[in-house]
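Shown next as structure tokens: one chain only, the form predicted alone.
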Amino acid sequence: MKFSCIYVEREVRDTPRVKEILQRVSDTAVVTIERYGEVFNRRAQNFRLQKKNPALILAKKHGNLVLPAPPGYGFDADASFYFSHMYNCVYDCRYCFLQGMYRSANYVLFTNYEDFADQIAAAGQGLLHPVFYSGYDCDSLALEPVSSFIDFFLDWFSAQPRLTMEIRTKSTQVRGLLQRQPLDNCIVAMSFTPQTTWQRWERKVPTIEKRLDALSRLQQQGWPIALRFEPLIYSQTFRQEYAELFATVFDRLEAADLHSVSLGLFRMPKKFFSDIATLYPDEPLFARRYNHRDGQVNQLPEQELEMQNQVQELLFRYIDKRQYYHCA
């Protein structure tokens, strides 16, 4: 993977993990900085232009590293949390909220994994079966050849059977997983949309076939895998599109062995939506009629209801309803 430049916080510059990362990208110029914010948060940045040639920022994350998951984000559990070891995603999905959340398209990789682990342990203390979601502000696997993030946390979660981690991704970087024994408490959750959505709005995302190949290999080896069909974006032909997608997916995977399957509607904070629409003024996706309520933007209620009901009906032809949850 190529970066325009690598910025490194002075505090982590000489840590073993950062030295290992720099060895993997030794052909890229390195600049030492004091704090990542001086690069990532500076004014007059253009997310759209930066996305074409982003830099990598290696930093230490301070404060609260593990946070309660938003209501309805995940499956039923004793308690749910999320943690973000990275800001921004290597993919370029036009509907992604990150484009409106951050000024910069550069990647920030927080390298103090041990601090994340300590706070995960603290958050899970006294809980029966808490779940920790990775991949809320990034893709969990896409930068794995550089970061070795999953490699570290699989070792850690293997010694914490009471805690569960969901690795949410669109990446096919599963070699490290396949080289290990499967962990019952580490779920690989892959996101999918229909072929037309992938072609229009999911730039740099591996094809559906390549993602299914990666998931199939994981499932055959015994890894718990899950499917996340999101976001549901309305079109007049959505029923046909999802019928074709489900036929393709469940032809490759054993439905009965899936950990879980979810549907997620398109929604975004109003401020993020406005900023992304400004970035892409010619994008038809942002010229549609939307429902604006309580600071959120989502599709028209009648479209959401029609789509959710019909896609659910198609999905239940393949899976048991006990495997399903609706992601709010």
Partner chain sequence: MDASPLSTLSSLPEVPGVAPEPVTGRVNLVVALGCEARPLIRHFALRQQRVVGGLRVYGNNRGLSLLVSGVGKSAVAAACGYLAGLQQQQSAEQAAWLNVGIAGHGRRAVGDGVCINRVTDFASGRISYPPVLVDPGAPQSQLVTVDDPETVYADDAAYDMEGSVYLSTVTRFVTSELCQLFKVVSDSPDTPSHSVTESVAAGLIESRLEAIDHLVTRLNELAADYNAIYRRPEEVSRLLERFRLTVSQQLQLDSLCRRYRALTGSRLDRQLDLNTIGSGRELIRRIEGMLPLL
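Positions refer to the first chain, counted from 1. Quick caveat, the model's predicted, so the values are computed rather than measured.
Keep in mind that the form predicted in complex with the partner chain is missing from the display, and what follows is about it.
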item: The single option of 301, 68, 295, 281 touching the partner chain in the predicted bound form, heavy atom within 4.5 Å; value: 281
item: Contact assignment for the partner chain in the predicted bound form, among 136, 234, 97, 156, heavy atom within 4.5 Å; value: 234
item: In the predicted bound form, residue 1 touching the partner chain (heavy atom, 4.5 Å); value: no
item: Residue contact check: residue 265 to the partner chain in the predicted bound form, 4.5 Å heavy atom; value: no
item: Distance check, residue 32 to the partner chain in the predicted bound form, heavy atom within 4.5 Å; value: yes
item: Non-hydrogen atom contact residue 274 with the partner chain in the predicted bound form at 4.5 angstroms; value: no
item: Triplet 179, 186 and 218 all within 4.5 Å of the partner chain in the predicted bound form via a heavy atom; value: no
item: Sequence-ordered residues of 45-61 touching the partner chain in the predicted bound form, heavy atom within 4.5 Å; value: 45, 46, 48, 49, 50, 52, 53
